[in-house]
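Next up: a single chain in structure tokens, the form predicted on its own.
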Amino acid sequence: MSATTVSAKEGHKPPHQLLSKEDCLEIFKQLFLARYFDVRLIKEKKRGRLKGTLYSSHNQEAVIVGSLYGLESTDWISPIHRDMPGFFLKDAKFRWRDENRIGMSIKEVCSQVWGRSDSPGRARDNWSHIGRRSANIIHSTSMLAGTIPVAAGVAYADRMKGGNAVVVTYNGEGSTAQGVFHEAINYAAVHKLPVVTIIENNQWAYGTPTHLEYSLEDFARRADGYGIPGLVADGQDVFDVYDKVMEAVSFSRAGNGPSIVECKTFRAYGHGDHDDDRAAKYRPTQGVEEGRKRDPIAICRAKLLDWGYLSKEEAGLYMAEGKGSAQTTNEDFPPEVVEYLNEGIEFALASPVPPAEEGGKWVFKEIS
């Protein structure tokens, strides 16, 4: 079953052409927000104000922003370690600070990163092993692809209750070699469950290049064995990601079952900041430079300028693209982006840490 199975009918506009100017500018701003979250945390750690491992989403922001933007509030997501901005970008369209939206706030996410009492994990982890049923976010796991069977279960339960939610899961391309990936997608295909599996192909499964992971060019071809659509998106173009994911979501919501969307992107840094030095050795410098040339912010900026949504003066503001975390400053980002993240960080820094005696709580079943 090819990509044309879920594509818009001939003569119909691709999904992004139905977005308003305001939507497109909001998407652009969310790219800045995802990038600023990344580089700001790196700076905070270097300043000694933050501990723990960071998993950078730098250069992959179009995947998370483009895939989330068109979802319904009641849809479910299961972000992984590379998608930390997804926790606060879910249902955030034009309402970042709305406490009633179905997602997590920037204060909660920053509290998680800093290990404070107001975090979902209450200092048991500083990163992405969080989730919440009321936010329609499935708890992430270090076992990549491990959330796909959970997503299938969530979709099945929602369908039994008469719901129409779609569940979007995020996975690295390396996870497609795991047995649970195939078992879960086969189950979703057999039962026609509305599960959209996004494969973030950033060219490296930790230190293993894609040509040593899979014999074909496109990981989306994994879908062929299950008779479901497999789409390929330019993971650096937020509007192409939006188009492909919305096609897959519409296909699932119509009762046609699951699909796979491969987003071809590039990991700017190491697997985590603990791997940066090692990554500089196992990844050729030229390849890294080539992979980072197509910055998603720059690609989005050029399109908005071409469409007339940005003037030349506006397009010349906030040049965050093409820079590493050490080179960026607050002036490279819109003021509202800096202000929003400052609120989250200052809230986290002012929050208390959980009491030490809580350390053993929720580890074993409490018997009264």
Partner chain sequence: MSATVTPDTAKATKKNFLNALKEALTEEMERNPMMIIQGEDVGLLGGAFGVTEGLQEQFGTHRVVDMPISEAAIIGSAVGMALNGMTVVCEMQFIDFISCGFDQIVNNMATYHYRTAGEVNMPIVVRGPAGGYSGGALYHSQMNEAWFANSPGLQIVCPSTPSDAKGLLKAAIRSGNPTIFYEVKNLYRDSKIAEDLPEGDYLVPLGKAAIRRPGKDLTYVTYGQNVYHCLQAAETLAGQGIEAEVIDLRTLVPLDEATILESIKRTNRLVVVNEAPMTCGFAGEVVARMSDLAFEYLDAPPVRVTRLDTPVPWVEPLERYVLPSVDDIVNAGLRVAKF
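Numbering follows the first chain given and starts at 1. Predicted model only: the values in this text are computed from it and were never measured.
Here the subject shifts to the form predicted together with the partner chain, a form of this protein not shown in this document.
J.: Exactly one residue in 270, 103, 257, 146 has a non-hydrogen atom within 4.5 Å of the partner chain in the predicted complex; which is it?
T.: Filtering the options by heavy-atom distance leaves 146.
J.: Scan 249, 205, 232, 80 and let me know which has any heavy atom within 4.5 Å of the partner chain in the predicted complex.
T.: Of 249, 205, 232, 80, the residue with a heavy atom within 4.5 Å of the partner chain in the predicted complex is 205.
J.: Each of 134, 278 and 365 near the partner chain in the predicted complex, meaning some heavy atom within 4.5 Å?
T.: Yes, all three are in contact.
J.: Can you say which of 237-245, 194-202, 105-113, 285-293 gets within 4.5 Å of the partner chain in the predicted complex, counting heavy atoms only?
T.: Of the options given, it is 105-113.
J.: Whether residue 140 contacts the partner chain in the predicted complex should be assessed with a 4.5 Å heavy atom distance threshold; does it?
T.: Yes, contact at 4.5 Å.
J.: So in the predicted complex, does any heavy atom of residue 358 sit within 4.5 Å of the partner chain?
T.: Residue 358: yes, in contact with the partner chain in the predicted complex.
J.: Residue-level question: is residue 124 within 4.5 Å of the partner chain in the predicted complex, judged on heavy atoms?
T.: Contact check for residue 124: yes, within 4.5 Å of the partner chain in the predicted complex.
J.: Should residue 349 be counted as a contact of the partner chain in the predicted complex, where contact means heavy atoms within 4.5 Å?
T.: Result no; residue 349 lies far from the partner chain in the predicted complex.
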